[in-house]
Structure formats: C-alpha cells, structure tokens
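Here we start with a single chain on its own, the form predicted on its own, put down as structure tokens.
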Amino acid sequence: MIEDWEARLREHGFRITPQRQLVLEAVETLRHGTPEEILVEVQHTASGVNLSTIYRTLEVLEDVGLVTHAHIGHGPPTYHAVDDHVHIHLVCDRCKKVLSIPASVANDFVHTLQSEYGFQTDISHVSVHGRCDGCKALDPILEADDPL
C-alpha cells in the first residue's frame, strides 16, 4: 500500500477509517478501476459499503493525492493509485485492454504544447485510444486507414 497514506490523510485533516483503507487497497489491487469495480472489490470484505461511500472516499483520496483518475472510456472515470511513475493509458477500443506506459514517451509533445502554445499539460490524465497489437492483427484492413 502507498507509504504514509495515513499521515497524508491526517495532514489534510481527515480521519483514518476502515472504508478509506479498503477503497485504497481496492484501487491498488485493481490497478485501474471504476467506482463500480472498486465497490465490488471492497464488498468482498465489507458488504455494507455502498456506491456513494466509494465516490465520497475516492474524492477524499484524490484531494490528498493518494489516487487520481483518467477518463479511459465513455463511462465513469477510472481510478488508480498515485505512485512515483506518472503514466499514460493506451486503451484498446476493441478488447478494452488498458496498457500503462511511461509518460516520458510524450516529452516532445508536452514540450511542444508548452513552447508553442503556452499550455502546461497534466499528462497523468491522458488516455490514447486505438487498437492493441492483438486486435490490430485481427482487423488488418484498419491498418490501411492508419494516418501515420
């Protein structure tokens, strides 16, 4: 589990509760999870927890910097633990697999946005949609439409 999570909550004036611990553990177990997926994971241990508790807890954990979210699909946000390596999400639109890659692969792009447009990018919320290698092999016709 994230080091000093209890201290981080206390520093921001929040109490340590079993629900907060369970939600943080679920986020770390799932690696990427929607509030509904986190609820299912938490309910393995605490069946009385409801979805509104999950949303409130995720909001607190995000406010103190323990979790963050990205909009990986068209539905609810996907949460993951904040760790030392910021990453970008590659999302396969066919099989829905999510691959996390180092944010450093976008350094040139981020630099261009800053230098040419004055825009500072929060790369931790970036998701790139497309087809993974496996799905691309299943639909080779799509490669002809590839703009790159």
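Being a predicted model, the structure only gives us computed values, none of them experimental. Residue numbers here begin at 1 and follow the sequence given.
One more form of this protein exists, namely the form predicted in complex with the DNA; it is left out here, but the text below deals with it.
In summary, the region of this chain contacting the DNA in the model of the complex, judged by heavy atoms within 4.5 Å and restricted to 24-32, 109-117, 91-99, 44-52, corresponds to 44-52. Proximity of Gly73, His80 and Lys136 to the DNA in the model of the complex is absent: no residue of the three has a non-hydrogen atom within 4.5 angstroms.
Using a 4.5 angstroms threshold between heavy atoms, Ser124 stays clear of the DNA in the model of the complex.
In the model of the complex, the DNA sits within 4.5 Å of a heavy atom of Arg10. For the chain shown alone, Pro18 is a contact residue for the DNA in the model of the complex, at least one non-hydrogen atom being within 4.5 angstroms. Although the DNA is not shown here, in the model of the complex the stretch 96-123 places no heavy atom of any residue within 4.5 Å of it.
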